[in-house]
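Included below are structure tokens for two forms of one protein chain, each presented in isolation as structure 1 and structure 2.
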Structure 1
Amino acid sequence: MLVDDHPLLRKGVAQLIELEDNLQVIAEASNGEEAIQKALQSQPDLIMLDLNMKGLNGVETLKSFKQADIGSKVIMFTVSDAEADVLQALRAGVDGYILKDSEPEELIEHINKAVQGELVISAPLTQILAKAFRPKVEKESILDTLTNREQQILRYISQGDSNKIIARKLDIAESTVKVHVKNLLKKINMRSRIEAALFVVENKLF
């Protein structure tokens, strides 16, 4: 099934797909709401979903698919190589993210793989994905303000350890752990260990 608000693009892709023996376009939709209805009716194996649409956007439409228990594979098919778009789509659970400027053969290959359950991603997105895993350089300066002991304790906090457990692991008194926690929270300007823990994991410190 093709979902895109540009009829011409749908036609182009449809023609390309119909050239393949094992592929067939069984439905089309021009927006998210329509897509949900048609998907429920026609139960496609695979849905090619545009990211930028009026009304429900691609990610929102994808989430609606899941809620409606539509089991079709979903490939995001878009021009956007923006990091935020790619990550959002992946977090929402897409089965593929393909750029519209892909070569036709590549597109067909990706479609076939996706139907078989493989996660397909356009090659130019590799760097974008890798970047998202790297620690942000500026954030390291925040760690620099902490002493070794404080960093160590922050690491334990970000693993969910209580003060008592940290004290045991470091073989120091719980009261000492509290001192360190107090000092490090003040340094990084946060009010609770939870904020600190979430900050650590979200910014991939350590």
Structure 2
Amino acid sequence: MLVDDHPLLRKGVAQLIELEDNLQVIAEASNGEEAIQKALQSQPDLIMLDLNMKGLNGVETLKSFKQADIGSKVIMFTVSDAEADVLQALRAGVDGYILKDSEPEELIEHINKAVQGELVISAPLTQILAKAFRPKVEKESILDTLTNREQQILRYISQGDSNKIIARKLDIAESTVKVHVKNLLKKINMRSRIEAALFVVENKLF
């Protein structure tokens, strides 16, 4: 589902998506209130959500999705590369943050990864996030706090793998992976998978 208050942009993105055999736009909305209703009706796998809209903005709309128990994955699709906007969206629980000036091929790649459960972030934003999320824990002590299994899972998280994919790779239950992820994030004093992944990549822990 595409949510944006600019009809021409929705049309352009929809035409791009429709060229892909495995992707289909099943709903569009021009504002947050309409998006909530259409998401409840159509239950899309993925919602591409504009950040700056009249009425409910993207973050407020995302929070409403969660309150309404809408289980769709949500990518913030915006022109804003401001650190405050990026961090606010990620802390609200988006599954990705993509800039509207992305190349078409890059956009489609991000959409496919997000549908599969991977975290997606436009490349220009990774340094902003790495700097903002840099924890106080020294990198040398990070791995020492984790069990071997937690280290394995952290490595897969840094590669963008979802819990489902990690469970398949390790031949364990997805619920077990969730428990390990919760425990390892607490141990290394990080708030999210994205934060942990960026720290691993920036510091070349593996």
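Note that the structure is predicted; figures quoted are calculated from it, not measured. We call the rigid core the largest set of C-alpha positions that still match within 1.5 Å between the two forms. Residue positions are counted from 1 along structure 1's sequence.
S.K.: Any idea which of the pair is the form predicted on its own?
M.R.: Answer to the question: structure 2 is the form predicted on its own, whereas structure 1 comes from elsewhere.
S.K.: Superposed on the rigid core, does the Cα of residue 176 end up 2 angstroms or more away between the two structures?
M.R.: Result for residue 176: yes, a 2 Å-plus shift.
S.K.: C-alpha of residue 196: shift of 2 angstroms or more between the two structures, rigid core aligned?
M.R.: Shift of 2 Å or more: yes.
S.K.: Does residue 186 move appreciably between the two structures, meaning a CA displacement of 2 Å or more on the superposed rigid core?
M.R.: It does shift by 2 Å or more.
S.K.: Mind pulling the C-alpha shift for residue 148 between the two structures, with the rigid core superposed, in Å?
M.R.: Taking the core as reference, the C-alpha of residue 148 is shifted 35.4 Å.
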